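Below sits a lone chain in structure tokens, taken as the form predicted on its own.
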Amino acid sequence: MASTKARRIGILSAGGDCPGINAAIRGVGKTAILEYGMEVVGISSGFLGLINEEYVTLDENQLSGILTLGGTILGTSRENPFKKGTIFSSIDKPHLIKKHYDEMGLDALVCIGGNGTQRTAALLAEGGLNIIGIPKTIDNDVWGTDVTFGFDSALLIATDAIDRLHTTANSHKRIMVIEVMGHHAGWLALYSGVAGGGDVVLIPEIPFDIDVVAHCLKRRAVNKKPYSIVVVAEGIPVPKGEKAAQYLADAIQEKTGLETRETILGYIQRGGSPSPMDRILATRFGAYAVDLIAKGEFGQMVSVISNEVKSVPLAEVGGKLRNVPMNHPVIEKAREMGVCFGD
């Protein structure tokens, strides 16, 4: 068994749920217990659990059987302890977190989450806590890593939905607009759109012209293409108060005269069992996080670059987004095959 100064570590999951969180919890817990002889504390409901001092000690048995489970056994919340003007704003939440961290006897804290979680983790590290971040999100938009777990599972779900829409679109000779998640980054729309044979793919990074989209779809109809699939990220710019898919479906039908229907996948993309690739990635992330703790390398976020698990400073991650570059190879090849990006 390797030697380590850290004897008791905490782990929490914050932000939106996604497939693979339990696999990461298991990766952290089993590595900490079996390889390093550490105690592992599971903190409830993200940073809210630190504020309210709600936690449970995890043993190896409690970590068995959770690899394939969706969601998170610890629960989650979108509590941001550094946000001002919220309920209980008179309470110094970061101070409470530091106080309870010390009272719980923690030597380190692992924070599993997306952009907001990593930003909070960076601030806690700046405040003197021993923090390791693990990135997760189906949007795949965390800066500093090639991919986050959760993305592959969501991609499978979105692609399957697009596959199914092909048959109904063809049966009714319709245009089908499918909206997938992605507020600021279009990774899920791009990959599922290309994997699912989308004819139009709209992502936040590429400004689109609705007339260009309509022209493309009319041209397909003239060329005897009986139906079309439009894949759109939820975060594309649309008039205030409108949903992306509904706005597009209405605008396309008005401008083309072709029957158009919309489908919004919603939270189904975040649920269910993680894909095998997400299970593996989350496990690798969890194990590496504990290796960093054992070496005393804190203030880091675990990442994967060119399939090698390593780490980047949390201070560099906070507040940044990993957007789809305009010259991404998938975009370039999709354009060569006739996919319209609305520009």
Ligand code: F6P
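Just count from 1 along the sequence shown to find any residue number. Note that the structure is predicted; figures quoted are calculated from it, not measured.
If you look for the form predicted together with the ligand, you will not find it shown, but the lines that follow are about it.
Note on the partner interface in the predicted complex: the residue among 270, 220, 100, 119 having a heavy atom within 4.5 angstroms of the ligand is 270. The single contact residue among 183, 215, 164, 95, judged by any heavy atom lying within 4.5 Å of the ligand in the predicted complex, is 183.
Partner contacts here mean any heavy atom within 4.5 Å of the ligand in the predicted complex, and among 246 to 254, 104 to 112, 136 to 144, 202 to 210 they occur only in 136 to 144.
When the ligand is considered in the predicted complex, residue 78 lines it closely, a heavy atom lying within 4.5 Å. Using a 4.5 angstroms threshold between heavy atoms, residue 234 counts as touching the ligand in the predicted complex.
Using a 4.5 Å cut-off on any heavy atom, none of the residues of 149 to 175 reaches the ligand in the predicted complex.
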